[in-house]
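First, one chain by itself in structure tokens, the form predicted alone.
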Amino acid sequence: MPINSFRPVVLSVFAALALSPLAVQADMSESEQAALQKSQAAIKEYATTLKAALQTAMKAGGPMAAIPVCHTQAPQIAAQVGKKYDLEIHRTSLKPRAIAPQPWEKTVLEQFEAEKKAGKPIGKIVWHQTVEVDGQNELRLMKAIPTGEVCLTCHGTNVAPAVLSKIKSLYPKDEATGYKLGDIRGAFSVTASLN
């Protein structure tokens, strides 16, 4: 894909990630509602900030310059956003490159695949639940990430050899290739304490 065609595609991919507010359920407590709202804001900020970093890298040096953004800057962005909103946030996938899903995340990602197969648009595939872990209540939120055209550069079925070599050098156990346009690439995952 020509570098100059990256910008419109990446904008459409990240536009699909913008969260419209989830409906607040009548049985949700005020702390759950607040945690849900801040979790949504955190995902939106993470996606927007990562998009900007990827656009800058692609404009400067194409896919080879964008790979280090996902490797180094994405975790830093997640840490900064997590600190700002006082929660944990990351990206994960059934075919992970960096962060393997926890058992509960794997279950949700499998549910997302079933929802997609049933015809639900990826941009509307979102899940949240309040759980108790070690006596502490937490809200968990996951938002599906669609595979756009630009994602295929590093995650598709025909990744350029130089790009694949760079990926393998940074992620020796990489599983995150073989995606097709419109697949679920993974999800943003947020955990926010309610205590």
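Sequential numbering from 1, following the sequence displayed. The structure presented is a predicted model; accordingly, all values stated were derived computationally and were not measured.
Form predicted together with a small molecule: not shown, discussed below.
*Asks:* Is every one of 43, 121 and 128 in contact with the small molecule in the predicted complex, taking contact as a heavy atom within 4.5 Å?
*Replies:* Verified in the predicted complex; spot residues all out of contact, no.
*Asks:* Just to confirm, residue 74 within 4.5 Å of the small molecule in the predicted complex by heavy atoms?
*Replies:* It does: once the small molecule is placed as it appears in the predicted complex, residue 74 has a heavy atom within 4.5 Å of it.
*Asks:* Even though the partner isn't displayed, in the predicted complex is residue 95 close enough to the small molecule, meaning a heavy atom within 4.5 Å?
*Replies:* Close contact exists here: in the predicted complex, residue 95 approaches the small molecule to within 4.5 Å, heavy atoms only.
*Asks:* Can you work out whether residue 79 and the small molecule are in contact in the predicted complex, taking contact to mean some heavy atom pair no more than 4.5 Å apart?
*Replies:* Looking in the predicted complex, residue contacts with the small molecule do not include residue 79, since no heavy atom lies within 4.5 Å.
*Asks:* Indicate whether the small molecule has at least one heavy atom within 4.5 Å of a heavy atom of residue 155 in the predicted complex.
*Replies:* Heavy-atom contact with the small molecule at 4.5 Å: present for residue 155.
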